[in-house]
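Given next, in structure tokens, is a single chain: the form predicted alone.
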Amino acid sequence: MDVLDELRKVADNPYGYARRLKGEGRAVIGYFCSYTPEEIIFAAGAHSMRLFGTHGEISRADAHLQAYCCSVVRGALEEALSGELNFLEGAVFPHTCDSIQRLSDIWRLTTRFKFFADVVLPVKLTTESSRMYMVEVLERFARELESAFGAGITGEKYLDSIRTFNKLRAGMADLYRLRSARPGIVSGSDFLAVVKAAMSMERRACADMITRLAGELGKKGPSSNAGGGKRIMLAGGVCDHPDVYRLIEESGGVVVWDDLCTGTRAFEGMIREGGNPLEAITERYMTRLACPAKHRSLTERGERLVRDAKEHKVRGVIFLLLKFCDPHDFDYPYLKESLDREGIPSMLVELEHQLPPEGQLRTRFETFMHTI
């Protein structure tokens, strides 16, 4: 089985993979946001796994959450209550949005997991006080992990963890650059599988595989698959639907870049491998591309979106927004205005845990491709 097949296998059944890790004695910690300090979890000897919610029906969670909460939050609670997440030792709740923050309370009251942690990072990322506060939050989180799992986190463990995640992010950066330069080199669905595997698989093994995959793809010429499509950039929150990529390609487009929580924002930025490790992790969070739940300036996100669209020569931007995701919903009008001023076409698609009917979505994508 080649590397891409291995990564696809993990992405297709992440929970089965997590159960195997648990069987090997590894504690698995769920998380919901790219601001979760995974390096600390890894240094404590545990494994972090991103939770995307469910693609099935949601019923149990509706007894605790209103229907206007986003489907990631409702879906994750559904799976916790149904026993689908019984491989977890616990979960981490960053202060990304009100829904996830309140999910933390409901999760504690309705589930029996061993470990819970609220990691409330600062919203404003431009002041020294914010930086100092973030370091204190990460120190407290490290102590909570040590107490829960009886593992002392040494300087050597921090350094090993930072190097592992730096290698993973460097490999993902190489893959993103390859796909932008030669879009047909790997299909969009396969690329999403790599992204999901990078958030689900044991990170040391995954970093090795992704580095190897980038090397192998770099030696190949582009395939004919989707190579001639109109260059598209995705923007927004969480994307867990490979059919979105397939339908874009079948409609005459090809995704060459993204600004997604489950995309470049999760992998951007390297961590300094010297000095205080928690200060180094903080530096990355303070300087990487901010999500809508964080603030560095009034115009940064729009300027970055336009810059990326121009750099990667995209013909249009497709916004994938989860319904009822307040941070991204408030962000969207301003981002669209930024693109409009530069003459970059865009369209908005609202998603939930299940996609709209395929025919409807295909028609919308085909129409957009014809207009750009």
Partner chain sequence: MRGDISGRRRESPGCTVEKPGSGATAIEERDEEMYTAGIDVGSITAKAAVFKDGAVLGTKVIFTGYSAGDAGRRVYEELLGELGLDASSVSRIVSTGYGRNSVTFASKAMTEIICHGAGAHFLNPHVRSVIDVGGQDSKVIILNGEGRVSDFAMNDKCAAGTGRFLEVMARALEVDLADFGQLSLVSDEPSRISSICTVFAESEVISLISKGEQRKNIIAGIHDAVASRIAALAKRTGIRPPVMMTGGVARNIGVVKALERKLELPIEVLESAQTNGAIGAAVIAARHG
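Because the structure is a prediction, the values reported are computed rather than measured. Positions refer to the first chain, counted from 1.
Separately, the form predicted in complex with its partner chain exists; it is not shown, and the next lines address it.
At the 4.5 Å threshold, heavy atoms of residue 366 reach its partner chain in the predicted complex. With a 4.5 Å cutoff on heavy atoms, residue 336 counts as touching its partner chain in the predicted complex. Counting a residue when any of its non-hydrogen atoms is within 4.5 Å of its partner chain in the predicted complex, there are no hits in 125-164.
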